[in-house]
Structures are given as C-alpha cells and as structure tokens.
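The chain below stands alone and is given in structure tokens; this is the form predicted alone.
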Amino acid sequence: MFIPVKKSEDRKENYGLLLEHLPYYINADEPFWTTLANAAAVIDYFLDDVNWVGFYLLEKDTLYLGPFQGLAACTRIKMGHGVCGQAALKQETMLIEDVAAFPGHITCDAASKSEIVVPLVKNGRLFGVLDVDSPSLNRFSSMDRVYLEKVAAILVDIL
C-alpha cells in the first residue's frame, strides 16, 4: 500500500521523503528479499535520473541478483569484480562518475553511465549491495552517498 506522495524537484527533499516512507515497507516478520523488493521500488520512485535500482545478495564468494527495478541484469558477480564486487570486497560505498572509465566495469545496461554501490553490512558481516545506475555521467554526489548509506542502514537493521 504505497502512500501517494508527490515528488519534489529537489533531490534532498526526495531523499527526506524516501527515508520517511521506506519504513512502511519494512517488516522484520517477512523474508528479507520481500523487503528488498519493495525497497527497490520505493528508491526507484524517489530518485530521479536513474535507470536501475536493485540489490545483489552475497552467497559464498558471489553476489547474486536480488530484487530490482529496471532492465534485466547480470545474475552473478564474483567478489572483487566490477563496481559491485569491489564495493562488496572493500565493504565501502563506491561512487563512479563514469562507468566506462572504471577498470573491469561489468555492463548490464548499456545506457548506464554512472553508478553508486552501497554495501549492506551489519556487525561487520556483508549481506550484499545496493546498486543504483544512471544514464547520465556524474549523476551521483556525496549527498547521494550519505542518504543511500542511511537507506542501507535502515534495511540491514531488520536482519
């Protein structure tokens, strides 16, 4: 039951709305992937100029495609490979202004030009990553990093 909210023209205001509404779609009594499915939709709704929002979930040494919004994507990424694999390996957010300039970038959607990947970590344990792509170069900033890390913290809190 999505609460209809008109998005703002201001990115920071939209992040505020995202953080305000995300908890309505989180239920610790349901499987984590259910929460991630709704989270991907809510994030996609409140972010402008993005073409892919989703999650890759860790199993052994591989990230597997989880819930997402956008075109079909790569189904598995080895730790350390591509932006998602590097962010997971380092357990730190990676903000890539131009994916074509990133050595080893894995292309899933040729329209993607920039990317931000936020690890999902709780008590030092990696569960996966939140991946957001844009068809524009330099789409993501330190503000996106701050707010998407807050989103990730909300999500892993229920694990």
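Quick caveat, the model's predicted, so the values are computed rather than measured. One-based numbering along the sequence shown.
There is another form of the same protein, the form predicted together with methionine sulfoxide; it is not shown, and what comes next is about it.
Between the options L126, I106, A41, I26, the residue in contact with methionine sulfoxide in the predicted complex by a heavy atom within 4.5 angstroms is I106. Contact check for A73: a heavy atom falls within 4.5 Å of methionine sulfoxide in the predicted complex. Within 4.5 Å of some heavy atom of methionine sulfoxide in the predicted complex lies at least one heavy atom of C84.
Not displayed here, methionine sulfoxide is kept clear of F46 by more than 4.5 Å at the level of heavy atoms in the predicted complex. At least one heavy atom of W52 is located within 4.5 Å of methionine sulfoxide in the predicted complex. Along 118 to 138, these residues reach a heavy atom to within 4.5 Å of methionine sulfoxide in the predicted complex: D131, D133.
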